[in-house]
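Shown here is one chain on its own, the form predicted on its own, set out as structure tokens.
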């Protein structure tokens, strides 16, 4: 590709930050759900299910936009191990964003719970009822949720490293703020 973008497209940046907020909310809602039996449990499940399905749709849109617009290149002076880490962590993030909602849906279907979202949208079951499958999917969903939380923290740490330590422009490519005119050092 000869026309390499210097920043992500505005729609890509918007979706990134919207999804970041939603994913962090989902992680805390998930923790809240498994730690309570209070009246808040059912509304938390409804929010978690609806937001999970919305995030699944949004990540597919993000992938299509990524294929269409591409991504800015990483700095040439970035060590090869850091470039590999960036690529692998992004692949893992996209994988988690696709797999987690599918595991959640599968878990509900295997428990024979109806998947009803806000506004009454019903998603038909694609798996038969199975206590064994429900337990397995629940366990995987929980442990991968914890792994996703760790990966989000790593992603945040890397963003702060690029923004505050290296100051190499990587964070600016996804920043929701307008790009500032960079001052060129005087010689």
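Treat the numbers as computed from the prediction; the structure is a model and nothing was measured. Residue numbers count along the first chain shown, from 1.
From this point on, the text means the form predicted together with a small molecule, which you will not see here.
With the partner omitted here, the residue from 58, 45, 127, 136 that has a non-hydrogen atom within 4.5 angstroms of the small molecule in the predicted bound form is 45. When contacts are judged by a 4.5 Å heavy atom cut-off, residue 121 does not count as touching the small molecule in the predicted bound form. With a 4.5 Å cutoff on heavy atoms, residue 74 counts as touching the small molecule in the predicted bound form. Residue contact with the small molecule in the predicted bound form: residue 82 places no heavy atom within 4.5 Å of it.
In the predicted bound form, residue 164 stays away from the small molecule, with no heavy atom inside 4.5 Å.
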